[in-house]
Structures are given as C-alpha cells and as structure tokens.
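Next up: the same protein chain in two forms, each one alone, written as structure tokens (structure 1, then structure 2).
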Structure 1
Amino acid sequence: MFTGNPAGRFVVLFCSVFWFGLAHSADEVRVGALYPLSGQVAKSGEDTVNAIRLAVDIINNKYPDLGVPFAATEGLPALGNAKITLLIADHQGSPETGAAEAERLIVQQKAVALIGAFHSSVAATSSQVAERMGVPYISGESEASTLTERGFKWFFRTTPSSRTQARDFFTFLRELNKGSKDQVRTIAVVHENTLWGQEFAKSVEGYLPEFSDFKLVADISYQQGTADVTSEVQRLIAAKPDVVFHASYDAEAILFARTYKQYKFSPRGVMAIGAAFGSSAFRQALGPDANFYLIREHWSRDLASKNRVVAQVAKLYRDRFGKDMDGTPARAFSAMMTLADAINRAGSADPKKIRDALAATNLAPDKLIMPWTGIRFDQTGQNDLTRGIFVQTLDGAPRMVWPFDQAAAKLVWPRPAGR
C-alpha cells in the first residue's frame, strides 16, 4: 500500500528497524518451536523438543568441556552474547493448528525464526506461513521429499528427505560390491501401500538409472494391515532377489520375518527403511531370528566411538531427560545448532539476515553429532551433505555397520542362511 510513496516506505522501514531494535535487543533472540506435545505422538514430540531444549541450554550457558559450537561461551558471541529464548508451541499433529501456531509465534510472540515440526504435513502448512511472513524456517526431522520441492525461499532442511534416504541403500550395496567376488545384482522392493511406502518404492525406482549395476526383479506393494503375507513371500521366492529392500510397519515386519523363516526365504540381505525391523518389539518377537536385518538409521550411539562429541551430548541428554537419545532428537538438536550458527553469523536477529546466513551455511562434520559430511543447503534449502548409516542387529543389539569407515561392528554379510 505504500508502494510508490517514498515517504511511506521510509516510515515502514523506520518503524521496522525501530521495532526490531526494541523487541530484539541484544539480550535475546526469540525462536519458535512447533512440535506435537499432545495427541498420538506426544511422547516422540516431547523427546524431540527436549533435544532442542538441550541445544538451547548449551548455547545459552557455559559447557567448558563440551566440543560443540557455542558451548564455551554464554549466548551468541556475535550478538553481544545474546541468549536464545525458545517459544514452544503444541500443534497436536494437526496441519491447521500448526499453521495457526506459526502465525501466533511470529505475530504475537515475535519469533524471528521457526523450527519444527516432526510431522511433514504440519511442516508443510506452518512453513507456508513462515514463507508468507518472511521468517526463516528450519526442519530437522520432517522428511517428505516434497517439502523442499516447493520453491520456498525461507525453508531449510537439515535432515535427508525420504528420497535421499533410498540413495544410501544403493551406495551401501555399491561399496559392498567393490572388490567382492560375490556381487549383488538383483533387488526386490517390498513396501506397504500408504504414502510412506509408495514414496520409498518410487525413490528406489528413480535411482535405478543412476545405479544401473542393479536390477529390480520384484516390486511388491502390499496393503498395510494385511492378515497374511504368504503370496508376497512366494513371489519373492520365485523372483530370487539377492537383496530385499523393505518399507514396513511393526506388525508386518514381524509377520514378514516369520514368514521368511517358515518358507526358508533367505536372500543375502534384508535392508529396511524405518525402525520396524530393529524395534524392541521386533527383537522381542523374533529373538535370535531378529539378527542380521539391516536398518537404515540416522544416528546411533555407536557413532561415539569415532566422535567424542556424540558421547558427550548423548550423556547430557540421558542425564537430563532420563532417556536414551535416538535418531529424531539427535537430528532436531543438529537443526537447532545449525540455526544458532546462522543467527550468530548473521550477527543480528533480523529474519532476512538470518535467512541469508542460513543459505550460506557450511558446517564441518567435526562440529556435528550426525554421521553427515557436513551441513550445506542447496538451492531448494535441502542439506546435500547428509549421509545415513546402517545398523545391523547383532546378538540382539543394534550395531552400526556402515559407513564402513565409521563402523562400530563388522557387518555380517551375506546373512547366514536359515535365519
């Protein structure tokens, strides 16, 4: 409405500068966090927010022995040791609530950056609000590939999208094939048929041209909540794949593993996305038969053997919240640290400057608790330096076996027959 009126523009500019000067005086930077703290995944939401609380606490206070950025100082050094004020909002897993809470955090609570939102569906709506209002939004754990395909300028994601996660399966197999006589050539994909499983299967197919040394011999999509997987397993037996890629939830993971055993289906490896094939329910249900399944994970406590910081942060988390850290909190922690790094480099609590600093992020791997090769955002706002890990259940416990240079235990491959 002030366009074309230089005086009006000046008033707006002056007011906003003045406003930021007032509301964001050097002693605090207000960051809004959107997470599900009630509803079905309240527990996971709480665990995730706790990691962000820990990150903020490390930034705001002195942790002299800790090897992460901002631990040695109090607050953000480039902003006159300003502290981060975390404003936590509960979106209850609802995209509508998420959007409304994002607006409230920005307008009423004067948040200069948002972090969230666990659910991809909520990240989609709440980041739309942030985009519209010109506030940077960082996500450490919402994985839907589409989030970074919307051409947004204010959205950044540190976690790999579900599409890039599928890439690790191929990278793993290619590394495995290197110098091995026993080459893996044929792959079968078994997936449930809701969005998650379908997206995984689509991603795998999308990578086939790039990884043309592998051939897809069966793509088996089954109804989630199926009573019987005999026909699926018989198709696998007929297709004789070297390796099976799996995207299944808990009940079917147990059912598949048992049916594999019943019909003596024994590929060289079963590699799964999602935690079902390594969950405690799975291990409890299958006992020794749970061994040797490979699960693509984001994080493992085994990373501590090569990275001292991982052990330190994991211990702080455990001591403070009485629970072991796992992949999602670890990723949220990393997103918060990335945001803090950007705010510090921006040297200001101005959302535009924070956004530009985020876009220029380049964090080295030794600053991270993740197995990534760094954090750097591409044009779409996606971190393109992520790397997954593979965890294999060995003697009933999950052990990190890949990347091979960081492995805490030796991969068992091919999986012993009869398991």
Structure 2
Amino acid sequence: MFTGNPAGRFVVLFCSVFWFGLAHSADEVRVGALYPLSGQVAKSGEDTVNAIRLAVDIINNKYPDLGVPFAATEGLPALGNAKITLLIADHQGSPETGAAEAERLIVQQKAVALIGAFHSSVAATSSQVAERMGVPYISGESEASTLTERGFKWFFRTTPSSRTQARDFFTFLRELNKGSKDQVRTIAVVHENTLWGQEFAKSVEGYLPEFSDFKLVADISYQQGTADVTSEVQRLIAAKPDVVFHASYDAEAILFARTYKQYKFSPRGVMAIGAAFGSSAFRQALGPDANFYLIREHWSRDLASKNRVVAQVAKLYRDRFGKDMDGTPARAFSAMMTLADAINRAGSADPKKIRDALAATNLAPDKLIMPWTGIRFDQTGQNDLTRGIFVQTLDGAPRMVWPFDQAAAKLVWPRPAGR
C-alpha cells in the first residue's frame, strides 16, 4: 500500500501494533467523529454530533426501558462490556482539514473507526485517509453518489445517495400530478457548488429522460458561503419554474428563504434535499417563514405512531439537548448504532475485523428508528434498504406528508403566495 514510502510503512506498522494490543483490551473502543462544529453549519453539526453522543451513551450505559440494541447492557457485550470512547474533531467544513483530522484521529488518538462527516466533500477526503490506512469509515449523512462509486473497501454509508433521493423528487411530483388539473411541469435546480450540490444537480438531470413529463428550465449553481443570492433569485424569477429543487446548507438556505420573500418569488413549491430547510436552525432563524418548505427526509417524529422506539429516542434527545431531533441527527444516531453493532459482532477492536463485520451487516427494521426496511450494505458499501419520505414544516413543526398513504398531516399545496 505504501511501497517506496518509508514514512507510510511506519504509520501502518505503528497502527498495526497499536490495534493488535487494543483488540485484546476490554477497556475501551476509540471511535473518531468528524463534523463541522464551527463555521456556517456549526449548529447543525453540533445537533448531529449530539445524536452520536446519545447513541454512545445508550451503548455505554443501561437504559432498560429503551427498545434499541445495547440499551439493556453496559458497553459492548462481546468485548467484555468495553465502552466506546468518542473522539470528536471539528473539520470546519474544509476537505483539507477533514483529511488532516482523520489522520490525527487514527495516528495520534488511536481511533479504530471513523464516523462522519456531514459535508460530502469532507467525507470524500477524510475517507480517502481511512481507506489508505485500513480503518473502517461509516457515514450516516453524506449523500454524494460518488462516495460509494470509488471502489473503496473501507467506506460504508447507511443513508441513501443523492441519486436515490433525486428520484423521490420526481416520484413525488408525478403522484401529485395524478388527477390534478394544475400540473407541475417545469423545474429549476438550485445547488451549492461543492461535491454534494453538484452530485444532486447531476442526478436530477440524469432522471429527466425517464421523467420526460418534466422540463428543467434553470440549473443555478452558487458559491458555498456566499452572502448574497440576489442574482440567483432574479434568474429564478425570469425562469418561472413551477417548483424549485434545492441543495443548500444552513446559512444559504436561510439566505435564499429571506431573499425569496424579499422579491416575492412564489413558485408552487420549494423542495429541498438534506437537512437545511428542515433543520431547527432554519426554523429558529425564520420563525413562521419556515413554514411550507418541503424536505426530502429520512426520518420524522411522526413515525412514532408506528414505532415506539422513535418516540423514546426523540424524547431522550430533547431532554438531553433541549431541542427536537431532526432527520440528520437521526441518521447519524443510526450510523453510530450500526457501527457499534459491527464492532460487537466482530468481538474485537481490530479495524479489519470491524470492516468485515460492517460488510456482513443485516439489521432488521425493528432495530432502527428509521423508516427503512433495514440496513444491509451492497458491494460498494451503500445501504440498499433505505426508503424516503417528504416532510413539510407546518405551524413551526416538520410533519410527514409523503408517502400520501402514510401521511401524518395534509400537504399544503401549492405553497401560499408570498410565503
């Protein structure tokens, strides 16, 4: 792996010696978590890390009334009740910082597995480090399709890719059009210009031949971190789309919503991929103006009516951190529980054994808080048992409105003018 690179061979030797010793220790299993805890998405990053903290707390301590794996025990039973030690690193939304932090967590902090990284661009670079050093990496929320198309053997993703999610946008609209006289026909895509946004826009365009009843009238890319989206909104006004598909992080999602209101841009619907338009940060910043946005989500508190564990975990999260759990924290929680399950089945803190256990994962839906049919990784490391929902913020709370036959609230469509 590091032929001709003495420094690289030393790192592999160092890590191998450490991991051999740790695999026989019953004290702790060290897991590194890479997330943005400063910068424009710091609030969402902290919310996501808090969900991982909650998962680790449940694994390490007893919660006898909670119906999730490891709640009835303390620690990982197959490792002599070893506790997970969570090592948290702030990558600041920077791919370069993410890569450096991944190496630091592995070499200096002796992490035997990594979880991250919210940003797909950071997951791309930090997982390259993990792949090179032979350390398993699990992502619960980084969605760019290419992450599981690189031929990596140490990367696993529980959440669906942006390509899978893009299809749900079209499926939703096609169902909406059934029996409706006011048909949705034209679409604009607005996306930030890093890997995640680019992959979403590419996925949308890739589905247009299959969903030929829709026409793309604008593809608008903007610089992540921009402080002014006036020109982008003016282009949307000129294009006059029926709906807008969005891929934006927190700060820009808030900025776009405010600019839409300022210029009275009022398409029939604004539909978003990812957490930003449905996050607590978005709702807190905009108040009533956060209502009626549609978010292609993975989780909703409305699922509690069919899964009591959803309500239990959501209550623990709110009691612990003072805010409601959203979809991205729920996904990160699930990824951490999946990693713990693999470590326990491996019966070891040896990264190779953990990697092999992850590859063999087959979790049933009754073990999850997600609306999926399970967690099982294909040969690329992608969970192939995911399923999507749409939520709409109504009266300040995200409510599940699709699939229509499982909706907990009635969809408000079209979006009220001026909102």
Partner chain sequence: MSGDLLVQLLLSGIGMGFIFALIAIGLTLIYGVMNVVNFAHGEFLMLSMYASYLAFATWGADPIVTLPFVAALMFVFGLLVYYLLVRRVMQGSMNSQIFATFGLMVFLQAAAQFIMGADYFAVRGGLLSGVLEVGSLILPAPQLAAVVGASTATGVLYWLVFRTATGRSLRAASQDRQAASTLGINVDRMYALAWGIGAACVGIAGSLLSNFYPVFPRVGAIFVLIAYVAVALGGFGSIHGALVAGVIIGLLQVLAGFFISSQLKFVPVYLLYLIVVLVRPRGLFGRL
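Rigid core here is just the name for the largest C-alpha set that superposes within 1.5 Å across the two forms. For numbering, take structure 1's sequence and count from 1. Since the model is a prediction, treat every value here as computed from it, not as a measurement.
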query = The form predicted together with its partner chain: 1 or 2?
reply = 1
query = Which one of I52, E297, A346, E101 sits right at the hinge when the rigid parts move between structures 1 and 2?
reply = E297
note = Treating the chain as two rigid parts, the smaller one turns between structures 1 and 2 by an angle in degrees of 31
inquiry  = Relative to the superposed core, report the C-alpha shift of A408 between structures 1 and 2 in angstrom.
reply    = 3.0
note = The CA shift of W196 between structures 1 and 2, rigid core aligned, in angstrom, is 5.7
